[in-house]
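To begin, one chain is listed below as structure tokens, in the form predicted on its own.
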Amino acid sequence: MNEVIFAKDIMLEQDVKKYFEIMLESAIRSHMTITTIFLKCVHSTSSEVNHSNVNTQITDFLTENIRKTDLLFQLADGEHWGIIFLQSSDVEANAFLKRIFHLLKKDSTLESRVALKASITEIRNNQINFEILVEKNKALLADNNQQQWWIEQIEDYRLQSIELVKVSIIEQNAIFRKVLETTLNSMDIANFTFDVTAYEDGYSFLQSNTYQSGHLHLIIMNDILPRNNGLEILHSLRTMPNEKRFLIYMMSERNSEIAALNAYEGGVDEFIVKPFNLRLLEAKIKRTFARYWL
């Protein structure tokens, strides 16, 4: 049985799991991309090759060539290295591999007859955990027929997560409330899906507790409402710990600078004067979510 060889001063597999989970959660929440590279050393069968020296040399080489924001680690079998790249795509990972492969081929300080092969996984959703990531990449690199300097790719996790958005419509006019509800339910916005609920007054909205959810929440409400008007609701929402999760549109029949000023100073994201074209409302919402996704 071969001895498992670890390079010194490198994070190991069991230490990286918690960091990966934190990075993934943060990346999904911020709509960023994580890309991982796994590398496996292709040793010569020659007894002249000192495997311990090779592992140390490759670790030192990788450490010198990654960015400060990248996380380098070694798997428990001692035969694989992993690198986690934040805010980088598979295109950048491919370019990185081609660069380091080129440098390694020319590096005369490394043991002879030694090469690497690699796999890339671009992650844009939370349908994966660290154990699955390691298992899939090790399996991909287990093929002994792969050539030296081979690069494989896993594409199962490239699709962006679809984010659920709570939508609350607070409008006392039953007909217009239904029109708004139909409009929002029919909207198609990339990477988002809407869960729409309508309320006839501010009190029923506040009693619903839907605004206490951690989801992104779009609120379209009138400024004048029976039982808790729009400004009262606005104040309640903007004093909550999760207030940054609210996107608040206020509608008003008052076409005045004072009304708009009071609304914006209170924390609305959009102030819309009635009557308005529904296509304008749709355009504003699409623009808001396009900017939110960046």
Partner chain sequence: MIDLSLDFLLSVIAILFIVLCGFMMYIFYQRQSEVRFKKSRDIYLKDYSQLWYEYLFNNEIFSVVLIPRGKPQVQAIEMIFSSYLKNITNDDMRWKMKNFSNQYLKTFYENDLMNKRWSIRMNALYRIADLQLDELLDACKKLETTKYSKEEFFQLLKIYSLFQPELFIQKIKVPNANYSESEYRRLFVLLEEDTFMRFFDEFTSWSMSIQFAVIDTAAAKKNMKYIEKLEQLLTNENDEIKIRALKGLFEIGVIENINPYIPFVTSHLWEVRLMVGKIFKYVPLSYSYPYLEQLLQDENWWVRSQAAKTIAEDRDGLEKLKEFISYSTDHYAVEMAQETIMRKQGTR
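Given the structure is predicted, the values throughout are model-derived calculations rather than measurements. Numbering follows the first chain given and starts at 1.
Another form, the form predicted in complex with the partner chain, is not on view; read the next lines as being about it.
Contact annotation: H215 falls outside 4.5 Å of the partner chain in the predicted bound form, judged by heavy atom distances. Taking the partner from elsewhere, K178 is found to have a heavy atom lying within 4.5 Å of the partner chain in the predicted bound form.
In the predicted bound form, the partner chain stays beyond 4.5 Å of every heavy atom belonging to Q148. Although the partner is absent from this view, E253 contacts the partner chain in the predicted bound form, with a non-hydrogen atom inside 4.5 angstroms.
Of the candidate stretches 179 to 187, 140 to 148, 95 to 103, 197 to 205, only 179 to 187 has residues with heavy atoms within 4.5 Å of the partner chain in the predicted bound form. Think of it this way: in the predicted bound form, the partner chain has a heavy atom of just one of N173, N129, S161, S89 within 4.5 Å, and the residue is N173. The partner is not shown here, but in the predicted bound form the stretch 244 to 275 reaches within 4.5 angstroms of the partner chain through a heavy atom at E253, E257, K274, P275.
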